[in-house]
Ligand code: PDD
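Next comes just one chain, in structure tokens: the form predicted on its own.
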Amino acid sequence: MVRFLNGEFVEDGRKAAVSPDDRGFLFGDGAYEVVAFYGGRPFGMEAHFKRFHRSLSELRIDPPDPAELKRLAPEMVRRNGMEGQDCLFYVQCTRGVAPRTHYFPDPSVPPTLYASVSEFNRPIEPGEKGVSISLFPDIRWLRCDVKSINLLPNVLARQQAREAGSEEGVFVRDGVVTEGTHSNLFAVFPDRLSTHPSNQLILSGITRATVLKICSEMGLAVEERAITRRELFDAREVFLAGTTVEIMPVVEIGGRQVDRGRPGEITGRIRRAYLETVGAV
């Protein structure tokens, strides 16, 4: 697969080499984004790159020109022969290559920009049948609004969830449900939908924003409010939202069924509307 690294396209991706002194390798000092292409058409690309710019700015890393990224993404899709296909564009930027010290390197050190494209194996069957999730203590740092490449807590929770037979690990901080390892969470109650407020404790997802818009258009009441762990078990429906999970019904939480243990009506309506929005149907 073709990779992009610091201004050059590397035809054999296995030959794309990053220095061991790169701060992304040494410190996880960087940020990333993932944009889904449906049938060769990107969804939410501008919003993703806007968030990428914000993440890097919060980390005080000079972000790449958004116009450059908008040109790069479809070019990478073309070079990898994925025009007209479902695929994922990944982009990552680190603080660059410098001697290992905790403080920032000299400002003249250029950031490292890397990008790749991969096949998007959409979660069609899980999206129709629903999945189980497991709950874990939220041990992450307090800037989850930054899409940092520092993902060790997410990796550990996702692995624990997999070992428990669950599709996703969902974090709980001080009794409050925050989000999944790579998704946002919504709970459906009799009179409203609830999801965690967009603040420093979650990554405000592009799919999350799309769901909020869909709910508004459908006349569904949504409350951005912290949901307690106890409340989550009383929800009539629960679903995950994210670029790679799309809209995924949750039918079981830690071994306990959600309502009747099958995808709910509201989740189904939102999922259909989302798939229409991204052009997947």
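Start at 1 and count along the sequence shown; that's the residue number. Computed from a predicted structure; not experimentally measured.
What comes next is about the form predicted in complex with the ligand, which does not appear here.
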Only one of 139-147, 92-100, 71-79, 111-119 has heavy atoms within 4.5 Å of the ligand in the predicted bound form; I'd like to know which. 139-147
Decide whether Tyr32 counts as a contact residue for the ligand in the predicted bound form under a heavy atom distance cut-off of 4.5 Å. yes
At 4.5 Å between heavy atoms, is Ser132 in contact with the ligand in the predicted bound form? no
Determine whether any heavy atom of Ser194 comes within 4.5 Å of a heavy atom of the ligand in the predicted bound form, and answer yes or no. no
His182 within 4.5 Å of the ligand in the predicted bound form, heavy atoms: yes
Within 242-264, the residues that have a heavy atom no more than 4.5 Å from the ligand in the predicted bound form: Gly242, Thr243, Thr244
